[in-house]
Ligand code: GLA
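Take a look at this single chain, the form predicted on its own, given in structure tokens.
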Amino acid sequence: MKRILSVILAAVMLLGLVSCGETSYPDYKTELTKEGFTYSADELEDYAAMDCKIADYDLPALYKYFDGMVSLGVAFTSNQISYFGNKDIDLLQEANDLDFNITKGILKHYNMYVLGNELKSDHCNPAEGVYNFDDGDKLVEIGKAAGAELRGHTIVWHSQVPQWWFKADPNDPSSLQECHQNGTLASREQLTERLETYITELMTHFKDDIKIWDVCNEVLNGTGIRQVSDDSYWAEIIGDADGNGYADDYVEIAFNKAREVGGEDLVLMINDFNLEWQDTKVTAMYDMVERMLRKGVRIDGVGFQSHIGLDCDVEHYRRNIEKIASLSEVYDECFPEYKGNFRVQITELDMNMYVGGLSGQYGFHAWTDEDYQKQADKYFELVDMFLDFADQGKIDAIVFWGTDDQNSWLNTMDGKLRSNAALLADKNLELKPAFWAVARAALKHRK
């Protein structure tokens, strides 16, 4: 029966993609999920007792449990959505079941979408005057097909950034380290112009489609702005241009240009990791955002990446969200016409299972039912805490960083090849207890 449904769905998708003019799509949220679900606690427990896979037709859609509270998001790569777009129409017919079901799972369970890598600047602007937005266009297409919100990730980062941006001569084959030693890095004026030109091209291209952007990503080390010793050349080159004693002017430049080009309605975020536990970084983030808000730089929120471990201290995490969320008072004071718009988003959620005695191990690990239950319990505790803030209007999105355990960056983190189990579905796309724990947390907060 499921095979027949897959064939029918493929045919429906094909018809939608080849229509003339503006592409029309079937209602995927309806097509992929059986009618009649109540999204009640009893119904959830009935399904939690079954063996289910992420794309099953007769399975409730996870995002529905969160209706009216937060957007539920997922990050993926362009090859996981390669069915979309006329250029890739043959892939629809040739795709194997696993890949096809990942795409169906994305469409079925989530209503906020993020490209993990293909909207980063080294992909989009690999050479001077060269722009590649094809994969971003695929994101837009699947977003329209599913009626999903889109997050653009990310404009400014110290990693996955075009090396030529930082060189006086963009064709210089030297490494950045050599340019630094030789005095041949770009000037402040060059780098500012390149950044503003890129933002103009990027934001103009996606202006009507991507409404939320991580403008800056991981600009902080543990206590302040990243430096060359942290593999970042932004502060080294642009530095303290306004003479206020802080070398974070590139952040200000990026936000101001993104706002100018993208318009007042865009949600412009700053995003970082370890905010759930690293108090010194939380203080540095708070101070920087407050300083910029008071200078008139409108930053609409802070993204907590949330690459957590199974041993995450959820109450510590709560305290750090409370501190950052309190920036809403400064935001409302500085931008009264946008009062209430400041938010926290959970942007890259996953759970590293290699903690404690397992932290130094690599290779294959056979996770047990007990391990999966511990993970489920932690996910419940965590999402329950997030939704406490959602109830207060302070968190409006929770985004999982990956579709399933097989497609998680944690399998190769720090150069260790190992079988992590970070997400809600395993490598065979079978739902884990964590899936149902997340749904239970949402039900707890349903009004």
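None of these values were measured; they are calculated from a predicted model. One rule holds for the numbers: they count along the sequence shown, beginning at 1.
This protein has a second form, the form predicted together with ligand GLA, left out of what is shown; the following refers to that one.
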Does ligand GLA, in the predicted complex, lie within 4.5 angstroms of each residue among Q160, E218 and W401, using heavy atoms as the measure? yes
Please determine, with the chain shown alone, which of 299-307, 130-138, 201-209, 279-287 has non-hydrogen atoms within 4.5 Å of ligand GLA in the predicted complex. 299-307
Do H153 and ligand GLA come within 4.5 Å of each other in the predicted complex, heavy atoms counted? yes
Report yes if any heavy atom of G116 sits within 4.5 Å of a heavy atom of ligand GLA in the predicted complex; otherwise report no. yes
Heavy atom of K257 within 4.5 Å of ligand GLA in the predicted complex: no
In the predicted complex, does K120 have a heavy atom within 4.5 Å of ligand GLA? yes
The one residue among Y39, W409, Y47, Y57 placing a heavy atom within 4.5 Å of ligand GLA in the predicted complex is W409
Do any residues of 344-359 have a non-hydrogen atom within 4.5 angstroms of ligand GLA in the predicted complex? If so, which ones, in sequence order? E348
